[in-house]
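Just the one chain here, the form predicted on its own, laid out as C-alpha cells.
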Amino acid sequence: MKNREVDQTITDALALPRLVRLSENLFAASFVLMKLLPARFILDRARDAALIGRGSTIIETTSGTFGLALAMISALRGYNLILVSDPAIDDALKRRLEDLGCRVEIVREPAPVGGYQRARLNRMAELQAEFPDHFWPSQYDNPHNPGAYAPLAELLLEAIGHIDVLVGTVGSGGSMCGTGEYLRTVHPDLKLFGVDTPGSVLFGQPDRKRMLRGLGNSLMPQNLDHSVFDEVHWVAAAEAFRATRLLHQRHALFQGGTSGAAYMVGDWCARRNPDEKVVLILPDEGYRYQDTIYDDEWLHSQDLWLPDPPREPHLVDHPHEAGDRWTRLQWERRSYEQVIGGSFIPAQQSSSFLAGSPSAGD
C-alpha cells in the first residue's frame, strides 16, 4: 500500500467536527475544539495582512476554549500569547495554556458594571499600552469570527443536505450567526435556535452570576446578529449538566456543558418535529469537566444535581419573564430593539472601538 503524505498540523486536523446521527432526524456536529475554526481563521487573515509574524505578541481576553485554540496555534507558529482571564478558568486549562508557552493573567475582582468581562477588558487595555505592537483577535467583535464557519456549513450541506433547524449555544455570536448565514444562502427557510443561559445579557436578561460557562455574556458582542434567530432558549446550569450526562449515557458523546445545553434543546425540537432535520453544534469535549459535570458528588455539593431534566421548555413572551428554568421565546428574526424596546447602551458592548484599540480586528 502506498503511503499517503500527511502535512496537517494538529490544529488543521481538529478544526472540523465529527458528524453523528443521534436519532432518525437529529444530527450532531461534535467538535473536539470548535474555537480552532475562528482562532485559526482570524490569525490567518492577520498573517496575510502582515499584521503578525513569528515573534509577534497577541493579547486576548478569554476564560475558555478560544484561549486554548489561540495557544495551540501560537505554539506552532512562534507567537507570544498573553491571555487575560478570571477565577472561572479551571486549573487544568490554565496549566495547559502555560505549558504551551502562554502568559495567563488572572483578574481577581469584577468591575461594578460588566462584571469580570469588563474587568478583563480593562486589564487588557493596560497590557495593550505595555505592548503597543500587539495584535488583538477580539473574538466578540472581529467579523472574521463568524466568517470562519463557512467550512462547517459546507460540511453540513455535503453530508446532510437540506437542514430544517440549526441549534447551538451563543456566546460571541460567531458560530451560530456565521454558520446560519452561510446555510441560508442555500436554504433560506432554515430556522436558527439560539441557546443562552439565565443571567446573560445577550437576549435581554439582566446580567448576573452564571454557573453555566462557555455561553452567554455580560457584554454585548458586535458579532451577534439578533435578527437571524427564530427562537431563543435559556437553559440553566443544572438542566444543562444533566443533559450533558444524558448525551454521554445515551450516545457515548463525551462533551462539555454547552453541548449539553444544545442537546437538551435539539432533542426536544427533533421529538416535536419528527419530519424536520435538526442539527446540533456541540462545541468541545468533556475532559475538562470530569471533576465537575461528570462527578455526582460535586453536583450534589453545588446543589446542581437534577435527577431528570424537564422534557419541554416554558414558553414566554418577553425575556424578563424567563426564570431559572428552561424557557423559550419565539424571537422570529427580530432585532434586539424590536423584542426588548429601547436601544443598546454602549457601556454594555464589548466593542473593540469602545476600548480604543487600533489593532482590534484586522
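Nothing here was measured: the structure is a model prediction, and the numbers come from that model. Numbering starts at 1 and runs along the sequence shown.
Unshown form predicted in complex with a small molecule; subsequent notes refer to it.
All three of 197, 233 and 313 touching the small molecule in the predicted complex at 4.5 Å, heavy atom to heavy atom? Spot residues vs the small molecule: no contact at all.
Heavy atom within 4.5 Å of the small molecule in the predicted complex - the one residue of 114, 204, 214, 286 that qualifies: In short, 214.
Identify which of 244, 175, 74, 138 has a heavy atom within 4.5 Å of the small molecule in the predicted complex; exactly one of them does.
-> Residue within 4.5 Å of the partner: 175.
Name the stretch, out of 167 to 175, 103 to 111, 244 to 252, 88 to 96, where some heavy atom lies within 4.5 Å of the small molecule in the predicted complex.
Selected range: 167 to 175.
Is the gap between residue 42 and the small molecule in the predicted complex 4.5 Å or less for some heavy atom pair?
-> Close contact is absent here: in the predicted complex, residue 42 is far from the small molecule, nothing within 4.5 Å, heavy atoms only.
Taking heavy atoms only, is residue 258 within 4.5 angstroms of the small molecule in the predicted complex?
-> Residue 258: contacts the small molecule in the predicted complex.
Although the small molecule is absent from this view, report whether residue 65 comes within 4.5 Å of it in the predicted complex, heavy atoms only. The answer is yes: residue 65 has a heavy atom within 4.5 Å of the small molecule.
>> Please determine whether residue 149 contacts the small molecule in the predicted complex, using a 4.5 Å cut-off between heavy atoms.
In response: Yes, residue 149 sits close enough to the small molecule in the predicted complex that at least one of its heavy atoms falls within 4.5 Å.
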